[in-house]
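Next up: a single chain in structure tokens, the form predicted on its own.
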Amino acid sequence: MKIEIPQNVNTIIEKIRSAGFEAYAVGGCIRDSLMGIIPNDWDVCTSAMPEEVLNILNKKNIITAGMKHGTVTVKYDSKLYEITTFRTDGEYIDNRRPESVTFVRSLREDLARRDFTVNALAYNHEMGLCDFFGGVSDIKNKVIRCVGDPDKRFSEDGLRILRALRFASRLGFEIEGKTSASIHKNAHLLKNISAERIASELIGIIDGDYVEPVLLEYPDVISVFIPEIKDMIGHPQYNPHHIYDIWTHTVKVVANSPHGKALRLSALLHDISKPECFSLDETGTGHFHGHPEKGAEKAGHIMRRLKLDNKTIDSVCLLIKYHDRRPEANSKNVRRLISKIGVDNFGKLMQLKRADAMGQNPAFFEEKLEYTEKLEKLFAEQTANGEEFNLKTLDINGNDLIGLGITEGKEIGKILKYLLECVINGTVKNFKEELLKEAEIYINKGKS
């Protein structure tokens, strides 16, 4: 079985081997290559000690910051390649990193410390594929399995729990029984992992093509760092529009959403406040009044806790706030919605609405799809000339109002908002002359 190794990587391997040491491409790059996926990164492992690697490559552009743990990074043609000495890990006391590492000369010992069998693979053109733990078989059978004892692997590094879920969601692999049981058992270890690391893995999980079975099987894992979802799990909706409990509905919305961080996070959190807003009317029908507004606020707290960037947080909160609104499909309402959420978020909102409908009762899907398509058509018509319907795009500004004799800042802001409302309502076109005339009428009314 031959794997195509990039020329730069092969050059590194051959230089190290020519000096009398072992060297292999290792890990995810081999896994992806066997699956026909072009790897994003190529890593190399070697029996050479870090200092020996430095002497062999003799390059000035080597980054040595990771030498303590056996890793040097070399730059070839603007690309970075990590070269790590075979090693075994010392005791893990923080469920994340070993207190120490011991350099060894054995490839098998090095691969034995890795997380999953599909990642414990090494290759070079001379030795071929090295697979000591059944990784090739697990790739063929689409299985995620820990190398050795799952409890030990996860206690060493709790983040491996989310890595397993990410691989399953991305690759469509099933998590092997003992590994799965250990994930449920050790999910609490995620409390020791930094918010940034968790957020990165979470986004990878929810953005996978095979996210649905993962989220349905492991809500207990997600609830370790988003405990707000616990009340969603198994919560019936008692509503003719819904045939699933809140969590199952949420999972289906995530799975039906187009890829992208903001959109998938919006799908995951769009109904986060439904349990607290739940009520039953006299007919036994369930309602969730106010859940989009409360959900947007709660989602903001969750995302800030996970230390996500402000741009993503703002976009997700807007999408959640407006996801359940159904204004009459007309030009004025579309202009108003554009002014509230912006052009960029409008398209995402329509995608979220469509995915939301796909996670509900199929009997109502066609009507909801038709409604969304009407909004999208009106949106295209309204923005054909680049109009965005916000204060920044008004063809008039504060200086123009000062020219009319208005000097107070609050009054200028009030008039500009009024003029924007006129443009949205269609009573005034967004041309400077017309806006100035309307501003004069408004000002004179105020004086009378």
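All values reported here derive from a predicted model rather than from experimental measurement. Numbering starts at 1 and follows the sequence shown.
Keep in mind that the form predicted together with adenosine-5'-triphosphate is not shown, yet the notes after this line are about it.
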Practice task
Note which of Lys274, Lys353, Arg114, His249 lies within 4.5 Å of adenosine-5'-triphosphate in the predicted complex, where distance is taken over heavy atoms; exactly one does.
Solution key: Arg114
Problem - in the predicted complex, the one of Lys348, His323, Arg335, Arg166 near adenosine-5'-triphosphate [non-hydrogen atom within 4.5 angstroms] - result: Arg166
Problem - Heavy atom of Lys142 within 4.5 Å of adenosine-5'-triphosphate in the predicted complex - result: no
Practice task
Report whether the minimum heavy atom distance between Asp400 and adenosine-5'-triphosphate in the predicted complex is within 4.5 Å.
Solution key: no
Exercise for the section: Classify Asp131 as contacting or not contacting adenosine-5'-triphosphate in the predicted complex by the rule of any non-hydrogen atom within 4.5 angstroms, answering yes or no. Expected result: no
Practice task
Although adenosine-5'-triphosphate is absent from this view, report whether Lys368 comes within 4.5 Å of it in the predicted complex, heavy atoms only.
Solution key: no
Fill in the blank from the handout: Per contact check vs adenosine-5'-triphosphate in the predicted complex (non-hydrogen atom within 4.5 angstroms), the hit among 61-69, 45-53, 32-40, 376-384 is 32-40
Exercise for the section: Indicate whether the candidate residues Lys294, Glu297 and Lys307 are all in contact with adenosine-5'-triphosphate in the predicted complex, with contact defined as any heavy atom within 4.5 Å. Expected result: no
